[in-house]
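A lone chain, given as structure tokens: the form predicted on its own.
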Amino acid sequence: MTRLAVIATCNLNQWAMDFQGNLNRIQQSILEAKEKGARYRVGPELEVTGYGCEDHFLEPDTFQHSWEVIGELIESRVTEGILVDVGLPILHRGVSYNCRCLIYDRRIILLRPKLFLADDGNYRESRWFRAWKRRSVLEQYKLPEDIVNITGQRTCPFGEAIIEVEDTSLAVETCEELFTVDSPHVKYLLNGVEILANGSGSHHHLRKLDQRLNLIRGATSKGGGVYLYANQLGCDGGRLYFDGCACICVNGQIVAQGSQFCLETEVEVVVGVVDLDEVTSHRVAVASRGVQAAEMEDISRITIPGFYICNSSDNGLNIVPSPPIQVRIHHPMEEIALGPACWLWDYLRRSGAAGFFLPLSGGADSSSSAAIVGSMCQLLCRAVQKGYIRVLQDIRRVCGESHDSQYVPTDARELASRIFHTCFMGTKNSSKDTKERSKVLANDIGSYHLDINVDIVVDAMVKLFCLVFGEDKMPRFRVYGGSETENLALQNIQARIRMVVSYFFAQMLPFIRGRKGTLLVLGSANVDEGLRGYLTKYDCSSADINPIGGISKVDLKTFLSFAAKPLEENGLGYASLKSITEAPPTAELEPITASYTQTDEADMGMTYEELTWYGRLRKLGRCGPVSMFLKLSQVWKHLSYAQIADKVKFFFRMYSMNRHKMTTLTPSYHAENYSPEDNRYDLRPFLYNSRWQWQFSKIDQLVTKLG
């Protein structure tokens, strides 16, 4: 008899601390899995609470409410006839654990704690949880009284175990365990487990999906087996976007894959039909695998009597195994267009705001932020055209429409005109070209666009200064004979006034347009400028959220070229972006004269390409000044050792002098692993001795030695 199993894994858009909403989405996913014939359903990591609760995991209420959700799940009867694998936090003997809870019918089969915690990059799991170290011990967990009253069950097993059903065996992992060197699934597979599951909370960053899929394939390619991967999908309350991509893998081949970027639905159930006899065949053909399996120490086992995962009613004649599929992996430019756009929509619809406000300068950075909002509007309109009612309801609510409104967006430009507001804030130093580029791009996207001049406010600040210190102290730009201090102060006041104007207009525009609420101010400082500190503290880099704060300037330039392509060529259709990519980046804060035009790279003293090198080596290469000099000496063959030394020292001086700016950096979409974002990701001092005397002297010694 062929053993065909129908199994389901999920992408869920869970919100941190939204217990009612999370319960509803879990219930919906279980019901959909059952309707599609699945006998086993796997959900994301910590799906009951949402992954990003952070210090809420230190509150007893969080654990209590998690058990209340489990009680509601069991009492609702959705767990009857299906094995359900749910993620939640558990307190056991006064210690908190990140757990999987396996439920069948009205009985809790196992509480399986996470063995290896995620503690690098964006993750701080050991701040809230402890890894389970007693791997050979299966303890008894005393269930809360509420659960006892619902099920009559007083205890359940707690620890690491294999689940035995009548026709197969299965085991579970949690997120990070897939990424570890000695992953638990190796022992499980050698112990005869045929179905592996992983409930994950894995975030997106550019070019990451390949790594994840390769690990999933690798988990079963050598030893055979079925691997179910579940993930959160969307923003659950922070800087990360969880990019779904729930999938099912059989013997190293992907047979089902969910969405990576999706704002159409909060619940996506991915179902596959797998032939477990193919797993057996794959295994017996590898003699060395059999030798290792025969020697493998046993793992505790829990049996579910009378439960079959495989379909035996028709001997498998009416269903066929899911065939291998071509995996969908987006190009990095598509990732920039889709990931931040979905993150922005999650943020907007949950915040209660009436839309976005963006200072649109006509430069590459603000134009990238604008294009991403345009992409968001395109995605929303496609979802409405496909009949996704929840998306339409969210759009109506954000647009300020009444509950019984019949409003339906006609296209992305019309929707943008309601929820996206852009403003060119010119001064006497702004060029006609940037003003025109801003206007044309706003028209392409469809935003409600304003063109204002803020000189009156800038002049008022300068007059206030002169009133205090005298007309003879009036600051002058460098091109008019002013000092570096005066020149910088005059640039900064323009930038900071734009921030103040942005927030004032963001509050008042809904009122002007006859709507309630306020607008979220969008930032547009890229990851490289944050690293270098090439931004004015509390200027337009200070905003509510920033869709491009984790993306490099090099990638943004390429993205703009992508977004300028027609929709028929998979671009975004914003042709006006082409002229923006061709223009040299400039802040336009100094007067333009016949002999001087301000440019970003000249102001920074380094190119954006060089900044990308510095950023990757500093963070990903974990380089200090000396090791960065040595590594760049191997690749920058067009420069002398002395030139490279000067560049490295200059970068570290600027980086350390401006590091304090990272403490006030606008929360940004995390897209690059060399991000200098100070509050969650890049934990380093913000006060340095910017002379770096010891390190720089070592570089000087190396320059003398090398050349």
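Keep in mind it's a predicted model, so treat the numbers as computed, not measured. Heads up: residue numbers just count along the shown sequence, starting at 1.
What follows is about the form predicted together with a small molecule, which we do not show.
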Exercise. Answer with yes or no whether T151 is in contact with the small molecule in the predicted complex, where contact means some heavy atom within 4.5 Å.
Key: no
Self-check item: in the predicted complex, N492 touching the small molecule (heavy atom, 4.5 Å)
Solution: yes
Exercise. Verify the contact flag for L535: yes if a non-hydrogen atom of it lies within 4.5 Å of a non-hydrogen atom of the small molecule in the predicted complex, no if not.
Key: yes
Exercise. Report whether the minimum heavy atom distance between S66 and the small molecule in the predicted complex is within 4.5 Å.
Key: no
Exercise. Answer with one of C310, L110, L589, L611: the residue that has a non-hydrogen atom within 4.5 Å of the small molecule in the predicted complex.
Key: L589
Quiz prompt | Sole residue of E401, D346, D603, D105 within 4.5 Å of the small molecule in the predicted complex, by heavy atom | solution = D603
Quiz item: Out of 569-577, 80-88, 471-479, 535-543, where are the residues with a heavy atom within 4.5 Å of the small molecule in the predicted complex?
Solution: 535-543
